[in-house]
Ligand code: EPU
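First comes one chain, alone, set out as C-alpha cells in the form predicted alone.
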C-alpha cells in the first residue's frame, strides 16, 4: 500500500492526478484485504486495470485505487468448444495471442485493443464486426460492499453497445472471466475494412491471419508516438431515432447508417466529425482530434485532464449545434461516483 501515487503513468492518456491510496493486488486474498481496508477507513474503492479507457481528473482520486494484477490464463475443453479462463488483470492482447496459438476463433477481430479482460468485459469492447459479448461465458466477481463472491452469466451480464451489468453495478469487482471459443468457425471478415483487405488478396482463413490484418488496420488509425496519450475512441457512435437519421441522410447522403433491431439507427460519428464538420485534426493547445481517426482525442505531453475534458465538451457542443445529436463519452472519468 502506498499513499499519494500519481495515476498518470498507469493510464494510456498519461494525464491526471494522484490516488490518495494505491494498492496492487496479485491474489483474490489481497483484493479482499483492500476491500476490508477501504471499508474500515470509510473510503471509496476504485478498481483499475490497464487504464486504457479512462480519464483521471487533475485533482486525483480521493479514495483507494486497487490495481488488479492477477493475470493467469488457462484452458478447459467443453465439448467441441474451448473455454479460456483468464484472471481479470490479464492483458487483452496476450489473451488474443494465446487463443490464436491454440487456433481458436472468436476474439481475433478484437486484436489490437489495449487493456485487460476485466476492463474489456465492463466496456463490452467491440471492433470490426465483433464484440466481447459474443464469446463471454461468465465472470467471477467480488462485491466490494459485502465481500461476497458472485458468478455473473452472459444473460445476467446484460451486454449492450459499450456497456454491461458491470458498468452499471460498480459494486462488483471482476476477478476472472471465461470466454467460449471454437476451432470450428467461419472467419468473420464482412466488416468493410477487413473485406477490402481480403478482396485485395490477403489470406484471412485463420485467427492469426485475421489478427495480423486487424492490427495492421488499427496501426494506421491510432497514434504511436510516446509523446502523445490517448484512450482510443473517446465518444460512442450515436444511436438516434429513425426520423432524425432520415433528416440527416437528406443533408448528408453519404452518412453511414446502421439500422438497429428496435427501429433506431446507429450512425458513424467519425464520418460526421470528418466530412460534415471538418474537425479531423482540429486542436486546442495540446489536445486534438487525431488526423487519421477523429473519434480519437490525443493529448500531447504537458496537457491536463481538464484540457482534455474541456476539448471533448467543445466537440460535443459543435456536434449538437450542427446535428441536434447529444453525443456520449465512451471514455470514463475515473473516480467519479
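Numbering follows the first chain given and starts at 1. Keep in mind it's a predicted model, so treat the numbers as computed, not measured.
FYI, the form predicted together with the ligand isn't displayed, but the following is about it.
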**Request:** May I ask you to state whether residue 271 is within 4.5 Å of the ligand in the predicted complex, using heavy atom distances?
**Result:** yes
**Asked** Can residue 82 be called a contact residue for the ligand in the predicted complex at 4.5 Å between heavy atoms?
**Response** no
**Request:** Report whether the minimum heavy atom distance between residue 294 and the ligand in the predicted complex is within 4.5 Å.
**Result:** yes
**Request:** Tell me, yes or no, whether residue 232 is in contact with the ligand in the predicted complex, where a contact means a heavy atom of each within 4.5 Å.
**Result:** yes
**Asked** Tell me which of 199 to 207, 180 to 188, 124 to 132, 244 to 252 has residues with heavy atoms within 4.5 angstroms of the ligand in the predicted complex?
**Response** 124 to 132
**Complete:** Among 154, 170, 236, 91, just one has a heavy atom within 4.5 Å of the ligand in the predicted complex, namely 236
**Request:** Just give me the residues of 150 to 169, first to last, that have a heavy atom within 4.5 Å of the ligand in the predicted complex.
**Result:** 161, 162
